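Taken one at a time, structure 1 and structure 2 that follow are two forms of one protein chain, written as structure tokens.
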Structure 1
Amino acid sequence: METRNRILSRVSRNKPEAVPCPAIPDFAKQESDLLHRFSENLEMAGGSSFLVDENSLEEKINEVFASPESALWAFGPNDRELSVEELQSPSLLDGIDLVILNGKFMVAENGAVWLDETVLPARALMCLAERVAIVVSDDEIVADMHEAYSKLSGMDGGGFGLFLSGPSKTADIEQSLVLGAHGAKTLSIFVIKTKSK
């Protein structure tokens, strides 16, 4: 104990002078086509995106996911096969083929979408579903992670949240890429066109 205190005392006496944290520069970018950049980066991460009208969303989802064995809509009409309100335990998600969620906003620089507890009622959804689809409005997009974290500082997300970009993948065994090792095999983003555009 005496040695420990002696060491700590010496460290304390030899600490450098405290200096203020550097100012964070303004990383604002002037990009005109964030959505195009988002789509490119999402594709590089293994995902896909579709620009659709709100009225044709369901039709497009049915086109992309022909006859899912079981689907869980976390939003939308109440006459779906399953609803999150019925979800009492993650074990009920066994065998879920497709989950469709609302995203909060997109990040162009990495093709990520922010999800929090207000749109993700069970964290296990992301790991147990075979395919994940996220619906987000085209005006909910930021250029980079600097803007993303700035946006998050003003949001109430319920405590838990994540950025999701592309499907689950790993290549740690013989550098052989495996999709869906720890989560969904596919990630599709359905971007809703706003009326102003």
Structure 2
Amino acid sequence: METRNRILSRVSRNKPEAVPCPAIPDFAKQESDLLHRFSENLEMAGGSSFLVDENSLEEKINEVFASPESALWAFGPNDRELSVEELQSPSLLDGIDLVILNGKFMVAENGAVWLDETVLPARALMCLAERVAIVVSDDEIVADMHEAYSKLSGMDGGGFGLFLSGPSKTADIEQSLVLGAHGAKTLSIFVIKTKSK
């Protein structure tokens, strides 16, 4: 407590005169073709996306991931509930080949998908699996991060959430890009068509 107060009072003594906080300008949005921009940016981040009808989702997933060694659906008719032990010691979840999750929404400008605890039965799932697939509906998309945060403001995501953009990656050895540094080696987004085109 003493340390805390000492730090805070020194900060208050040394801080400059108050200046107002600027408002975030309303940047003109390129609203057209958000999905196209999303998939382009996702590809730049090392991921891939597939546009599918809801009733052919399973078929498509089976086609993309031909016979995974082990798969865990976190939602839908194939879902598996995690055991109490797995929730307590998430390291038990290591070794899963494919995890299929629901995403909340996509961000066009950077190919990211927002996930939170309402769709993550265990936080560690999205980084332990070798391959991660995320299903999200095509009308859940925003242009940029400003819109993303206004969308998030009314959302209770539990105690954790993230923007995930592509598979885990590193370029720490001579700037050569390698996918799958620690987490998912591939990230595939399945976008469900809701709009008739």
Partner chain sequence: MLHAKNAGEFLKNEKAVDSHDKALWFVRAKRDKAVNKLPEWESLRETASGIKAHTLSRLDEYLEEFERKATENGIKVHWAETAEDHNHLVRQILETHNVRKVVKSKSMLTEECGLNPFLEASGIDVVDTDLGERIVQLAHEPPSHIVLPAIHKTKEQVGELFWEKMGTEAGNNDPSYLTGEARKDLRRKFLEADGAITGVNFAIAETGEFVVCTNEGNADMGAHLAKVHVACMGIEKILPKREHLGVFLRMLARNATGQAVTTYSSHFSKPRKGAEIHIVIVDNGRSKQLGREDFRASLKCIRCGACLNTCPVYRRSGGHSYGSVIPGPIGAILSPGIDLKKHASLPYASTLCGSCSDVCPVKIDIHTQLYKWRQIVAKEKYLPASKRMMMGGMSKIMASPKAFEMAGKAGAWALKVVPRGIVYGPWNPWGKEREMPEVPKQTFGEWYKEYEQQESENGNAK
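Along the sequence of structure 1, residues get numbers from 1 upward. Keep in mind the model is a prediction, meaning the values are calculated, not measured. Take the two forms, superpose them, and find the largest set of C-alpha atoms that agree within 1.5 Å; that set is the rigid core.
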| task | Have a look at both and say which one is the form predicted together with its partner chain. | result | 2
| remark: With the core held fixed, Arg6 moves its Cα between structures 1 and 2 by a number of Å equal to 12.6
| task | Superpose on the rigid core and then read off how far the CA of Glu17 has moved between structures 1 and 2, in Å. | result | 3.2
